[in-house]
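Below you will find one chain, with nothing else, as structure tokens; this is the form predicted alone, and questions on how it binds or moves follow later.
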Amino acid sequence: MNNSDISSTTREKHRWPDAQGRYGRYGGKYVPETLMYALDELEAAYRETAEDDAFQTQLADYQRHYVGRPTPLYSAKRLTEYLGGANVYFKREDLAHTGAHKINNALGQCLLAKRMGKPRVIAETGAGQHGVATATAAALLGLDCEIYMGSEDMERQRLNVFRMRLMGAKVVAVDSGSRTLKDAINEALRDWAANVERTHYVLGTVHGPHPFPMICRDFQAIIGRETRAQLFEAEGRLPDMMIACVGGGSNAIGLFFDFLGDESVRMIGVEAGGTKIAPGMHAARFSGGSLGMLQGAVSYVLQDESGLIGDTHSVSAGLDYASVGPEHAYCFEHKRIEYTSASDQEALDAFQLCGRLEGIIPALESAHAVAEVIKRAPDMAATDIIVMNMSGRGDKDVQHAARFIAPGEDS
């Protein structure tokens, strides 16, 4: 499939993944035999919900009255004036309940768990926002909840660990490997394999074995659908450019998905550039990765010549992951989405600038996208429009960021 095929795909019904869960040569499902039944059961239950008015009505009701959707599309006038060039809008997912886009997917999957008669949910988390979102949805729906989190990330995200525990979730520290997101996913998959009859794994991003990338994408696609309607109301047209940070890739594909068929809209995904693009010092899969398989799916992976998964680094726990969702890999190969990276320092500078100019402290993940706006906007026309996904708020990051910057310090 070439780029013209992607553009001709309707927003209402995507052609991919195919029946095997593949996006071209990416995706698929590579899991132990014990999990194949669970994945087939999950896909069947999910597809049934598309025809189930009661499920869709319940989900829409929670999205509106509990999550707080639609989230605003905000014109960042002071940042626009400061940068010159394009008009900048933020899609304010930071204003969704729990403070990030993660609740969109967690709520949908917890409702699926109830539908399948699973009384227990588990999840992995890096920055803690998916863990918080899953704990929140589990509390709302009366499900037992256990969250796996790397001990390194627990240290960086103490506030979110406390929030999860306040909502009744058990938070399990993972001390193996790099003690970050990759290792938390490994432990969650082991738990699921051992307890599959009564447990649903709420995978938090558009990665992993099929149907998780598809399910998470579809629950997050509400971001782009709202953005389209809101921008037409505000400006009467499509944006010229859309920007989002990319860890596993759920907030980005959530924003981009409804616009994939609109060739005039440029899309920029921003990975974690860390301290430099060198082994072990970044998490920019499209800059330093290669085709490989990690945690159930084929995609771009940071690995050595023998296929051993490489170390990663990012100031942001949520972007510190060795692979990326297969749909992103597909869009990269077919040049529908451009991918770049922002360094730790660029993200920290953007973190401060956004706070000072707009009174909005972005999550460090989102700050990588702000950094790209800072680079792109000045070279664009004053009539151009950039929409950036403010995927999360920075409350969770202020303690960690304070190790590198001080309030009042010049950027």
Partner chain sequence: MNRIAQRFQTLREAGQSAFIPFITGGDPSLAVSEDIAVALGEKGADVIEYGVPFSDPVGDGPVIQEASLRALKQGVTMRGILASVERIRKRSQTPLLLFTYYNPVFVHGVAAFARDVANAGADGVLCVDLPPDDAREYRDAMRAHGVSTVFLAAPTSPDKRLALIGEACDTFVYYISRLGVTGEKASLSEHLREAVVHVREKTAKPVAVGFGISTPEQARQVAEIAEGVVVGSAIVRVIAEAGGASDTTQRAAAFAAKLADAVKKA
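All of these numbers come straight from a predicted model, not from anything done at the bench. Positions refer to the first chain, counted from 1.
Omitted here: the form predicted in complex with the partner chain. The next part is about that form.
Here the chain stands alone, but in the predicted complex its contact with the partner chain, taken as any heavy atom within 4.5 Å, falls in 297-305 among 256-264, 104-112, 297-305, 121-129. Residue in contact with the partner chain in the predicted complex (any heavy atom within 4.5 Å), chosen from Ala193, Leu141, Ala173, Ile277: Ala193. Residue Glu197 is the only one of Glu81, Glu155, Glu233, Glu197 with a heavy atom lying within 4.5 Å of the partner chain in the predicted complex.
Though the partner is left out of this view, Tyr30 does reach within 4.5 Å of the partner chain in the predicted complex, counting heavy atoms only.
In the predicted complex, Arg22 approaches the partner chain with a heavy atom inside 4.5 Å. Although the partner is absent from this view, Lys182 contacts the partner chain in the predicted complex, with a non-hydrogen atom inside 4.5 angstroms. Although the partner is absent here, Leu291 is a contact residue: one of its heavy atoms lies within 4.5 angstroms of the partner chain in the predicted complex. Taking the partner chain as it sits in the predicted complex, the stretch 33-60 comes within 4.5 angstroms of it through a non-hydrogen atom at Glu33, Thr34, Met36, Tyr37, Asp40.
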